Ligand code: HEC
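Below you will find one chain, with nothing else, as structure tokens; this is the form predicted on its own, and questions on how it binds or moves follow later.
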């Protein structure tokens, strides 16, 4: 046994040694170019810290490397990995690590139970290529994972994947607070909600703000993008989708099997997928969990901004807009005398608001913190100038992407255009908002709305 052990040590010792390059989300370490195995050292520190879960919402995260998800680890198939787990002396709790890439008891958890102010080590061989979740497995396991203790380790195959222009790191997680989504302040963990699987937040990369606005992923038209996507859970399955893109190739569950031309891919809790696509035109592409109330009401929404010249053959943008009457056209055709439209009334506006706006801005105009700005008691609507009045019409008809400050809070998201509003209906819905919930703006006339609409650039022009 001693001779065998000595042989093992000598073989391992003969491998070239290197320290793993690890990155914080959404970045991915560069591809490994060597063609032979190495002894790779991974040092991962557990840090308990307060970070932002949503706009104005703080949470005590338990992290690997100070971020959620934890640092991205990249090794090569056949490598011998020496992993050091370091528990910061400022932490309050013991932690360990279970890497799904490990063949051995607990995926390493049995060897890495580490108290604050201590560090532990174990060694494993990366036998199987693929993309794997790692997470804490200290009891109560679900609570440690729910507090953000997960990340991805990529065992790069001996024959690496084809080169792409950008690789990004995105992991979904569900979080459980005593208060509902958007309630400001430092929020405690709710074990009851976690057990009942009723998350207050479902987010990418640990925050509803992590991949929007200035933090959006970036690429250029014509470039290929590869996303390493994980699902830390602890409870929910992810229906991962990029609005306006089709995955050219998906490596199912992070393994070697692929499927092409995929719209949405399922990623189980504790699982992963690798998705690839080429950006054929410009614009902002939205990453979502296609269980859509999670995206628009709990935070599972991100952005990828593609810069460069658009391709009109691939996507034209809005080419025209006209009135569609539907069944009303039949009734109107038999009228002997056309009836002039009446002035917009608040009741019409209320119904139009409920049908077109309330899902995002909420029934009472309260908005969603960090996602959709409030319309109720909004300084954006108070005492508005003629240029602001024209801008509001443009936002409704053409949509809006980018920064907007309302009541002293900056929002950086996407408002989709509202279709099917003629001048009468458009004036009605604006007037309902402008005179409801404490707003006291001067009403719009149909003629004013018509004038602003006609002043917009041609609908066929590129829209960004």
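Numbering follows the first chain given and starts at 1. We call the rigid core the largest set of C-alpha positions that still match within 1.5 Å between the two forms. Not measured: the values here are computed from a predicted model.
There is another form of this protein, the form predicted in complex with the named molecule, and it is not shown here; the text below is about that form.
When contacts are judged by a 4.5 Å heavy atom cut-off, residue 27 does not count as touching the named molecule in the model of the complex. Residue contact check for residue 378: one or more of its heavy atoms lie within 4.5 Å of the named molecule in the model of the complex. Using a 4.5 angstroms limit between non-hydrogen atoms, residue 414 touches the named molecule in the model of the complex. Using a 4.5 Å cutoff between non-hydrogen atoms, residue 193 does not count as a contact of the named molecule in the model of the complex. Figure note: of the listed segments 270-278, 387-395, 91-99, 112-120, the one touching the named molecule in the model of the complex, with heavy atoms no more than 4.5 Å away, is 387-395.
The partner is absent here, but in the model of the complex a heavy atom of 361, alone among 249, 226, 361, 350, sits within 4.5 Å of the named molecule.
Just one of 177, 265, 356, 235 comes within 4.5 Å of the named molecule in the model of the complex, counting any heavy atom, and that one is 356. Contacts between 272-311 and the named molecule, taken as any heavy atom within 4.5 Å in the model of the complex, involve no residue at all. With a cut-off of 2 Å and the rigid core superposed, residue 38 has a Cα displacement that falls short of the cut-off between the shown form and the other one. Annotation: Cα of residue 376 displaced by at least 2 Å between the shown form and the other one, core superposition.
With a cut-off of 2 Å and the rigid core superposed, residue 58 has a Cα displacement that falls short of the cut-off between the shown form and the other one. The pair residue 412 and residue 309 is tighter in the model of the complex: their Cα-Cα distance falls by no less than 3 Å compared with this form.
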